[in-house]
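Okay, so here's just one chain, in structure tokens, the form predicted on its own.
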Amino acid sequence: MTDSLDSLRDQIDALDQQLQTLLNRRAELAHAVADVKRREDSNPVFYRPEREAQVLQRIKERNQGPIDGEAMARLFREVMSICLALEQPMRVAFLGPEGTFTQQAAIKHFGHAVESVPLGAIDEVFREVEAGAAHYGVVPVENSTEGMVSHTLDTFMSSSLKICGEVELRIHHHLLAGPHTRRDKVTRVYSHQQTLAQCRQWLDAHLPTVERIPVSSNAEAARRLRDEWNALAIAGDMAAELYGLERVQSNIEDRPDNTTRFLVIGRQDTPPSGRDKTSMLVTGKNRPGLLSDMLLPFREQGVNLTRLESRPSRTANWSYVFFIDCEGHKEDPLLKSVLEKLEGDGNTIRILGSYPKAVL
């Protein structure tokens, strides 16, 4: 038994050495790629969302186990993040403070090798990227139970930034206690307004008399417990770890499939990856049948819509802008035909971005 165990450990050690050698060889190639890009372009683009999406998708498709395909892709995500940092250190702005689900989404998409920068508002994230102070930004856009994040949609109307990618994050909310919490004396629970809504049924059943106090973020709710003895907070794993809080109850969200979608924003267009989405703003002269006429070209060309939302245009009362998400890239022939038909009908179209579908 001992000989067999020693033999297996020797094999593992040998494989670890091979993996280390191969990872360093990959890093050397990343350096070489960066050198080629700098020689060929005075303003090179190092992060290629479509390329990374293709690589991660192939990793999942060819994986044969016993490691789960999703776990294998996450492992390679970190390898790619480290190698990209050798090409160009990346600065990614997100809706803060530290410990929010938006930071978790940023790390899920870019890996841990980027510098993540917390900002206090969605429009601040846009401004940071527009000014070039951050390479990319990550902002929430919709939740599967609470719907759209209107502030994000409204900010796109005045921004020139492009959508470069999306992140889908399963949201698990935990009831947390601080180091000084007296659980038999709790009179209030802190969390973001959307989080309180997503946990409404659980709170009604288990803490019906406790006051629910909305704050700017779940991380802010967690931070408050450092100084209070009569309060609990609802937040996720990252905030709990950051502020050293103890779970009183895990996964108290009302829907177990609760998911938030985030958008990655940047300054350049993204080429096709083969599995893409396109987001756009469409406006047209207000008339009977306007929306029906807008949707007809998508149906005629068999282009699947994944989201339709209207927002006030801010140019005139009762005038609206339509936010549309659909499958496909703006360079795909079918979608190009749809866009040409919409413009031919007198509508104004602004493509917010064509980008890879979420892989992880």
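All residue numbers are counted from 1 along the displayed sequence. In this text the structure is predicted, and so the values were computed from the model without any measurement.
There is another form of this protein, the form predicted in complex with a small molecule, and it is not shown here; the text below is about that form.
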Would Phe46 count as touching the small molecule in the predicted complex under a 4.5 Å heavy atom rule? yes
Although the small molecule is absent from this view, report whether Met148 comes within 4.5 Å of it in the predicted complex, heavy atoms only. no
Is Lys37 near the small molecule? Define near as a heavy atom within 4.5 Å, in the predicted complex. yes
With the partner left out of view, is Val189 within 4.5 angstroms of the small molecule in the predicted complex by any non-hydrogen atom? no
Taking the small molecule in the predicted complex, would Arg51, Met80 and Cys83 all count as contacting it (heavy atom within 4.5 Å)? yes
In the predicted complex, which of the stretches 64 to 72, 307 to 315, 29 to 37, 287 to 295 has residues with heavy atoms within 4.5 Å of the small molecule? 29 to 37
Glu87, Glu253, Glu124, Glu142 - the one with a heavy atom within 4.5 Å of the small molecule in the predicted complex: Glu87
